[in-house]
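Below you will find one chain, with nothing else, as structure tokens; this is the form predicted alone, and questions on how it binds or moves follow later.
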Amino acid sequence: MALHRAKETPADDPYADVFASPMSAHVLPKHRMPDEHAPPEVVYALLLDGNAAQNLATFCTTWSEDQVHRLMNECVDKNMIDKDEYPQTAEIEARCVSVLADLWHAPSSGGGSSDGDDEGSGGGGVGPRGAVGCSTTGSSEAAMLGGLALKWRWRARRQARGEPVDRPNIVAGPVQVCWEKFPRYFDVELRQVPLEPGATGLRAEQVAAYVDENTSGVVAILGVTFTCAYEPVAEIAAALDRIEAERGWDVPIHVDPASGGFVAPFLHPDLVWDFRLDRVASINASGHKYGLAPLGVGWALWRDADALPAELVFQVDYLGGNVPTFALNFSRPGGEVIAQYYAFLRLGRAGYRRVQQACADSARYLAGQVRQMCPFTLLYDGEGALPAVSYTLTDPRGAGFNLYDLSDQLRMRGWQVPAYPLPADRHETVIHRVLVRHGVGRDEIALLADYLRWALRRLTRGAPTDAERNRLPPLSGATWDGPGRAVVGRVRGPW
């Protein structure tokens, strides 16, 4: 699938995002002064040491602009639930819902515009496209709200026909733990579809064996936690269409693009996964992942008011007004929502595209480096889904070490790269997953590749002696030149 690339950003553009600037797309000079100058803010951000960007296990935002820190500080006393006391915060939440409804192609309600300059809804949760939504504390809460709406709608349909409602189930492939919590907390059977050999997520042809009249919904993941790949939402919808035609079971889809919901619209705009599919009833996403907002904000959207049962929405009248709320939490800070709106305004569609493209380019750069390292087989190379890389050992039995050992070695240098088994019938396959996020520049990815080689050397040939270590420390930019030898510039020595 072709990626949509933004035009080149001028080197002196004062409005360019730091990690989408030209300098961030190159390995930094180490032995020669660069020919041209660079903006001070870019150099400052790229040279910070000991920062959370080395945590390549997390999907969450680990870098934000100074203005975001200031906004969060100034909003620390604003309670998101108190919409009567803080009406502008409520208005900003409603604007974010409208932006996401437009981004995810919610059906038009026939009123208002969706060109970005429409009036807000006065603190409500309905955008001009007719979608209903709200902010949450991360996408785990949003996912559970989506699951609850599916259960309530299934139960209402069954009760109207006089059918039993005591055995609801939900069907999903490999999922994040929130989708294991939801069935246990809310008395729903989880029918988890195992990974087939060679697959990176749920496949459409697997659905029919798990769906029945008690299925409240199928969960499709856009950015599988374990492999970072997209599940084929449109193909899953088509499979459910066939099931309805044959068996009469109308099974909706909840899409969980916790990360992909802020990647696919910009890098893969032709991919149909969202409300363009009639069978998609609801979507959750994490603003604090690839939505580029700081920690603590998620989003839940339903395609229209009919998709969200009215019984789940409470009217709160003891905070000074009569406010509708659908949430598992109550009081929470409003700063994260305001920071999300800041990101929408600050970057715009072009800015989001540049940021996500820079991350994707760095992920593919790392994939190219990993591909050259003989012990590994790439499972996902950063092409076509999240900006990430996953790989496994080509010969786990003959390698002489495992990926848990390799993770420990990388952690010695501050790098957190998770090792874990694939789920559901693929436990014998242990993988590494590297997430390239906003704030992780090309130079840091090049350093990671160098340290991967360094760690492989320690695991396969033993640790260097003190004399060898003093003669040739593991500098970035080192390349291996045969057994026990390394090259750094023109310097050679044993390692």
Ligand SMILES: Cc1ncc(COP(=O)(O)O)c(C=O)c1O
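Values in this document were obtained by computation on a predicted structure and should not be read as measured data. In case it trips you up, residue 1 is the first one in the sequence shown, and so on.
Omitted here: the form predicted in complex with the named molecule. The next part is about that form.
Q: Can you check whether K289 is within 4.5 Å of the named molecule in the predicted complex, heavy atom basis?
A: Within the cut-off, so yes.
Q: Might A264 be said to contact the named molecule in the predicted complex, defining contact as any heavy atom within 4.5 Å?
A: Output for A264 is no: heavy atoms all beyond 4.5 Å of the named molecule.
Q: Since only the chain is shown here, I'm wondering whether T89 would be in contact with the named molecule in the predicted complex (any heavy atom pair within 4.5 Å).
A: Judged by the heavy-atom cut-off of 4.5 Å, T89 is well away from the named molecule in the predicted complex.
Q: Taking the shortest heavy atom distance, is V272 within 4.5 Å of the named molecule in the predicted complex?
A: Although the named molecule is absent here, V272 would stay clear of it in the predicted complex, with no heavy atoms inside 4.5 Å.
Q: In the predicted complex, which of the listed residues (T227, Q192, T215, S140) lies with a heavy atom within 4.5 Å of the named molecule?
A: Residue within 4.5 Å of the partner: S140.
Q: Tell me, which of I253, V417, I221, V97 has a heavy atom within 4.5 angstroms of the named molecule in the predicted complex?
A: None of the other options qualify; the answer is I221.
Q: I need the one stretch from 408 to 416, 347 to 355, 253 to 261, 149 to 157 whose residues put non-hydrogen atoms within 4.5 angstroms of the named molecule in the predicted complex.
A: After filtering at 4.5 Å, what remains is 253 to 261.
Q: Select from 142 to 178 the residues with a non-hydrogen atom within 4.5 Å of the named molecule in the predicted complex and write them out in sequence order.
A: The stretch 142 to 178, when checked against the named molecule in the predicted complex, contributes Q176, C178 at the 4.5 Å heavy-atom cut-off.
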